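Take a look at this single chain, the form predicted alone, given in structure tokens.
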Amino acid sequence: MAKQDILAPVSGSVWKIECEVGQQVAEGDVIMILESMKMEIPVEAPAAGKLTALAVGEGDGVEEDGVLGAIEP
């Protein structure tokens, strides 16, 4: 199975990153928290595997459906 991109569910900014590159995650684990319209929106792992990349850092702006990182099984 190929890598799976982690996509932003909404436009906003990265408030807090909860996981590090190289970390094993389970499906549904919170990878990061976005802030949009003064609400905190958790971004969950779409699949279990190893977090292989983060394309954003804390404070960065993101667009809806933008790639935030990647997971490989």
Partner chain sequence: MNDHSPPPAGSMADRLEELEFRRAEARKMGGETSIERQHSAGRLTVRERIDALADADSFTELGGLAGTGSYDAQERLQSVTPAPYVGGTVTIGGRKVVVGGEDFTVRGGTTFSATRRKGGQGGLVEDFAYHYRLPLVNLVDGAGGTVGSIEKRRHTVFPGVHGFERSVSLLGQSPVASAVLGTAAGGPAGRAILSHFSVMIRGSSQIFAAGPPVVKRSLGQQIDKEELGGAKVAVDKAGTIHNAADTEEEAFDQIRRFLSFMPQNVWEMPPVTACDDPVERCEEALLNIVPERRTQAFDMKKLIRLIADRDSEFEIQPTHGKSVITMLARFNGRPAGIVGNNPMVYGGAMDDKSARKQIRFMQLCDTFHIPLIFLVDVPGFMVGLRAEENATLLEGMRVVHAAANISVPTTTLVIRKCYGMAGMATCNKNGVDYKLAWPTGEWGSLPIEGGVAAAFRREIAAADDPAAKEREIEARLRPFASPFRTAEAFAVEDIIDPRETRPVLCSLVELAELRIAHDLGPRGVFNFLP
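Numbering follows the first chain given and starts at 1. The shown structure was predicted, so the numbers you read here are calculated from the model rather than taken from an experiment.
Note that the form predicted in complex with the partner chain isn't included here; everything after this is about it.
In the predicted bound form, T52 stays away from the partner chain, with no heavy atom inside 4.5 Å. The closest heavy atom approach of I41 to the partner chain in the predicted bound form falls within 4.5 Å. The partner chain is not drawn, but in the predicted bound form it has no heavy atom within 4.5 Å of A26. Heavy atoms of C19 never reach within 4.5 Å of the partner chain in the predicted bound form, leaving it off the interface. In sequence order, S36, M37, K38, M39, E40, I41, E63, E64, D65 are the residues of 30 to 68 having a heavy atom within 4.5 Å of the partner chain in the predicted bound form; the partner itself is omitted from this view.
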